[in-house]
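Shown here is one chain on its own, the form predicted alone, set out as structure tokens.
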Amino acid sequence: MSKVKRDAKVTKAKILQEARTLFSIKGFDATTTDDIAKSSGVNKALIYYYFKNKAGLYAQVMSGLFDTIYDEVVCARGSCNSTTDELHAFVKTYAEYAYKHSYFPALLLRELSDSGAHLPELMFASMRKVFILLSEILQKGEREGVFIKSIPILVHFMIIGTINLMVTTAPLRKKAMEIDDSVDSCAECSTDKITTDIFQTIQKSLEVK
């Protein structure tokens, strides 16, 4: 009987998808290659064939996520009419991606909580690309007299950090509202409202008075 030939592209995509989920739930150290192979429905040897090892797979997972965000921000900037619109597009694009792929903020926060212990060079390069995009927008705004001089990394953390925490704390904030709805935990806030509020807060802090 002839063996069923695997579609390499589909198989790799399936492995990456399952790895993303497991890494976000269990973290890098607690997730084993056996776990990923079982969840993906493949032989463990196939993971080594495609990615060399667990670290290689993790690097592909994380860098791929940031590369996608980078591409989407670049695309969104193309239709903007002002630097302020570009800043809004950055916040909106990241927020929409984070909410649509909720495993991403969980993965990133896990990595950061470990002080980047498993931060592969490939992932660092992809993260840096996203940060440089924001820096370019802020510097452009300064040159145009639209934004005050700022520290880009602080603005970056304000945007990314807030969005990541809003996504990952959604269940906790919902529970808090059920216990005491007199405290506004933004448990029922839409992605649009959260995006708008974050953008407006950042914009006001950067406006030239």
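Here, rigid core means the biggest group of C-alpha atoms that superpose within 1.5 Å across both forms. The first residue of the shown sequence is 1; numbering continues from there. The shown structure was predicted, so the numbers you read here are calculated from the model rather than taken from an experiment.
Keep in mind that the form predicted in complex with another copy of the chain is not shown, yet the notes after this line are about it.
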Worksheet entry | Which of 66-74, 47-55, 33-41, 155-163 lines the interface with another copy of the chain in the predicted complex (heavy atom within 4.5 Å) | 155-163
Worksheet item: Is another copy of the chain in the predicted complex near all of Arg110, Ser113 and Arg128, within 4.5 Å of a heavy atom of each?
Response: yes
Worksheet item: Does Ile132 reach another copy of the chain in the predicted complex, with heavy atoms at most 4.5 Å apart?
Response: yes
Discussion item. Is Asp7 part of the interface with another copy of the chain in the predicted complex - any heavy atom within 4.5 Å?
Written reply: no
Worksheet item: Does Asp197 reach another copy of the chain in the predicted complex, with heavy atoms at most 4.5 Å apart?
Response: yes
Worksheet item: Is Thr11 close to another copy of the chain in the predicted complex, meaning a heavy atom pair under 4.5 Å apart or at it?
Response: no
Discussion item. Given a 4.5 Å distance limit between heavy atoms, list every residue of 165-198 close to another copy of the chain in the predicted complex, or none if there are none.
Written reply: Leu165, Met166, Thr168, Thr169, Pro171, Leu172, Arg173, Lys175, Ala176, Asp180, Val183, Asp184, Ser185, Cys186, Lys193, Ile194, Asp197, Ile198
Worksheet item: Any CA movement of 2 Å or more for Ile151 between this form and the one not shown, core superposed?
Response: no
Worksheet item: Superposing on the rigid core, do we see a C-alpha displacement of 2 Å or more at Asn164 between this form and the one not shown?
Response: no
Worksheet item: Relative to the superposed rigid core, does the CA atom of Asp184 travel 2 Å or more between this form and the one not shown?
Response: no
